[in-house]
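What follows is one chain in structure tokens, specifically the form predicted on its own.
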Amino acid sequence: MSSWLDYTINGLIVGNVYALVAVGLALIFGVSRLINFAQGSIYLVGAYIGWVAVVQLHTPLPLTIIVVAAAAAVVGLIIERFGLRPLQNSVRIAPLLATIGISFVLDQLVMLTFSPNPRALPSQLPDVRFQVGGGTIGPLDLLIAGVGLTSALLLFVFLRYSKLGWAVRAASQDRDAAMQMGVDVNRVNQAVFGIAAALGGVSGMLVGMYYNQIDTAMSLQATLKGVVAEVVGGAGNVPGAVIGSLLLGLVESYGVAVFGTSYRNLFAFLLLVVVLVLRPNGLFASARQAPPEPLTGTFIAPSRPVRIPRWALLAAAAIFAVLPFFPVSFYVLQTLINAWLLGMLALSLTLVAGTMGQVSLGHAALLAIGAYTSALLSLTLSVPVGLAVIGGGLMSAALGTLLISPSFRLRGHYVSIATLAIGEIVSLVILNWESVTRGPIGISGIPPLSLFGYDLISPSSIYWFSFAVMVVLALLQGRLLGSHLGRSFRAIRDDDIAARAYGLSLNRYKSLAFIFGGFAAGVSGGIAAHLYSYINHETFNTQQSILALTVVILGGLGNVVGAIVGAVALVGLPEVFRIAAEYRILIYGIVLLLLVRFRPQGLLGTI
């Protein structure tokens, strides 16, 4: 009984930390209708500022909290002023993508400044435990609870009794009406981002002290947990975010008690998917609250796509096809092989996100399904590699569509959140299903690529194989987009209400898009598995999903040729400047920000 009380206390304490992140996200969503994926990066910044203050400057704990909150607030103000405010009149998806790019930039700046090595962050409090009933509680637990309760009280007073707080509430209820009544919405945004960033920074520092460790990879999980807690409670609902955070903390803690530590995150994302499917507005949303708005007519920046003559495309394909006959280095061929694999993933995502309008942030899960299926078929059933790769594509198409189908009824940013959660669930299932996937050990000894009984071992043969597969997939997708199916996909993307009025079945066409896209992604994952010869649950992660999205935006959403051009550009450019290899992710983030700001239609335009 005492252990369960300990798990309850632990869940409530962790829930308090989640609440600091989730409340900030709820404030921002309430005013800007934006899921701020950079909130976890501010959490990371706060953790490292706390480390500098405690370890390097030896500041007392109260001063450390003030310094972290103030510094994080400044970061939040900079993000709002220079990263998001210029996008106020842009397409609706632009601010969401900008926060993803900002998170890339902040994470990499922290890593380059402090190195990726974990660091200990002492709590500066006595290491004692107090008996409470059958459980125990420590000074740091009380501090976290006190910070959470104090922050909630101060936020309540601010929103209830200050003029700026009234303006925040007015803008969250009806932004346009607030502007007409003279509310300075830009000032409101600044205040909200400053408060949210301060709360996020303090939560990062407290988590570092609670676990006595910080590292540069902690931002993504913080963002995901904050988003889960906010959506469970109700997006934009501050009290709901607090209750959702406590509920999430308890669910995780009890899940760990019953199933083990490796299941902690799995329960969090399962809770998110269940809430999104059954009650998309959140458990504590008002019954009168309107459903999430679609991105109808505002998803893609209007543009005239660049028309490339057919002879130019044929010439480019011929040049790349004969490239191995020339004296090029193995490194160049390997770089282009990576570009062709990324191009297959980009073809999949540009169909789903660009043509269909379903922004998937968990697309790497389709890679993982294809890779594991192909590897297991070839290893355990001795299926020829070529057939195993096709099997991986079919399994990714079928299983991926089945897993993502609950998100078909969602709208707006909730689609992105759902696909992100499903991607994380796939990764966690791979980690814990040891009897099939071999768990954290992964699968090794995967046979090399082969075709008709001949092993493809030389760089040139692997290059030709991957290039040919990508070209075939691109031709098939181009044919698809020129058919009535492609026109139906674009009709649903541009106005799903009008498409439904014309008799189009939204779920059916979304399923078809994910089936075609899932097959291309699964084939790419299968080829990658046989190239790597070893895969595990971390081989295909969320970072690859974001990279694929950057490629698609770079080339032009819905543009088949643009997806391939974007893949070559984004893989090739960092390789041209080899000295910048360690800045690769930073380059990706900056490219995404510049594209969203100055050319949201991409290099070749959207279709």
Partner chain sequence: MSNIDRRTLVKGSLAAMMAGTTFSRAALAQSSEPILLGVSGPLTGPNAQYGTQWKQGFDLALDEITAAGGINGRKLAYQFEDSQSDPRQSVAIAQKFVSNPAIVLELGDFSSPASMAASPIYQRAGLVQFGFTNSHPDFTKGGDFMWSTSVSQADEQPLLASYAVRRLGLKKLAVLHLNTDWGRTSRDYFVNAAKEYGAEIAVTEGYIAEERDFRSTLVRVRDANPDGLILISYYSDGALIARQARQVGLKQVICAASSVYSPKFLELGGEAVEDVHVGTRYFPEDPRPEVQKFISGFKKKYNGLEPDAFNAYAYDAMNMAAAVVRIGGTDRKAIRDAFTKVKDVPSVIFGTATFDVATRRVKGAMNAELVVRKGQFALWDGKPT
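Positions refer to the first chain, counted from 1. None of the values given here were measured: they were computed from a predicted structure. For the two forms, the rigid core is made up of the largest set of C-alpha atoms that agree within 1.5 Å on superposition.
If you look for the form predicted in complex with its partner chain, you will not find it shown, but the lines that follow are about it.
Contact with its partner chain in the predicted complex, judged by any heavy atom within 4.5 Å, is made by just one of Pro305, Pro448, Pro384, Pro86: Pro448. Of the residues Arg279, Arg119, Arg187, Arg175, just one reaches its partner chain in the predicted complex with a heavy atom at 4.5 Å or closer; this is Arg119. Within 4.5 Å of its partner chain in the predicted complex, a heavy atom is found for none of Arg81, Ser151 and Ile425. Remark: of stretches 30-38, 61-69, 553-561, 540-548, the one touching its partner chain in the predicted complex is 540-548 (heavy atom within 4.5 Å). Though the partner is left out of this view, Gly260 does reach within 4.5 Å of its partner chain in the predicted complex, counting heavy atoms only. Of the heavy atoms in Arg599, none are within 4.5 Å of its partner chain in the predicted complex.
Heavy atoms of Ala318 never reach within 4.5 Å of its partner chain in the predicted complex, leaving it off the interface. Its partner chain in the predicted complex is approached by Leu431, whose closest heavy atom lies within 4.5 angstroms of it.
Along 447-486, these residues reach a heavy atom to within 4.5 Å of its partner chain in the predicted complex: Pro448, Tyr454, Leu456, Ile457, Ser458, Pro459, Ser460, Ser461, Trp464.
After superposition on the rigid core, the Cα atom of Met395 is displaced by less than 2 Å between the shown form and the other one. For Leu142, a C-alpha deviation of 2 angstroms or more is recorded between the shown form and the other one after rigid-core alignment.
Core-superposed comparison between the shown form and the other one: the Cα of Gln358 travels less than 2 Å.
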